[in-house]
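Before any questions on binding or motion, here is one chain by itself as structure tokens, the form predicted on its own.
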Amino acid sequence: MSEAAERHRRLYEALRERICLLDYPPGMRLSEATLAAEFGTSRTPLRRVLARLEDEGLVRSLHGVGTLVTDVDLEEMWQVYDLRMELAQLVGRLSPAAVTPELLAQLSGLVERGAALARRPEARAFARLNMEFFAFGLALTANEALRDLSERLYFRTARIWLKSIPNLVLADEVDIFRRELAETEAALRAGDLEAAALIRRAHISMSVARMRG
């Protein structure tokens, strides 16, 4: 990856994370001048990043107003979740990746952090760990089209969870997530990627049911 491409990736991922962690709440105007100064970049690459985020539905550009963080359309989000559930189970079938010692070690680290989080639940740390676990899951398939679509849809829905926290019991949600991590680790140590994918699908389905009440 070229230096310019790497800078683009870092800027894109930083802004996407801030949006998904609600550091940039819905309706917030993103100042190009402020962001360019913060990241030490010109406006041209910044505008390319903002255009990408707009294409993914996380921001929108309004003439005479600027770039605004979008709000979550709940009905659209439930449809996205439905599609995410179907894609989740494909990870274990389409070009499954080798379960290497490195992958298992990475997952063990996530399991340990999940256990620590269960002892001291905190919403933001939970959201960040969930993002890292999602990224880990992408490594279980070598199918680039599946990876790209899954990633795009995940970040479309990532904000839903933090917005739903006031209506959920955080400690219970963290414990459910901790169990998902442990179940996934057991499946992968047994060499069963399809089981791991079905575990992910089941947990997405149950999460949606809890959020919808």
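Bear in mind the structure is a predicted one, so any value in this text is a computation, not a measurement. Quick note: we count residues from 1 along the sequence shown, nothing fancier.
One more form of this protein exists, namely the form predicted in complex with a further copy of the same chain; it is left out here, but the text below deals with it.
In terms of contact with a further copy of the same chain in the predicted complex, the residue from V72, L103, A115, L83 that brings a heavy atom within 4.5 Å is L83.
L149 is the sole member of I160, L149, A186, A171 with a non-hydrogen atom within 4.5 Å of a further copy of the same chain in the predicted complex. Proximity to a further copy of the same chain in the predicted complex, taken as heavy atoms within 4.5 Å, picks out 48-56 from the listed stretches 48-56, 160-168, 35-43, 22-30.
Taking the partner from elsewhere, R93 is found to have a heavy atom lying within 4.5 Å of a further copy of the same chain in the predicted complex.
Within 4.5 Å of some heavy atom of a further copy of the same chain in the predicted complex lies at least one heavy atom of A142. Contact annotation for L87: at least one heavy atom lies within 4.5 Å of a further copy of the same chain in the predicted complex.
Within 4.5 Å of some heavy atom of a further copy of the same chain in the predicted complex lies at least one heavy atom of L153.
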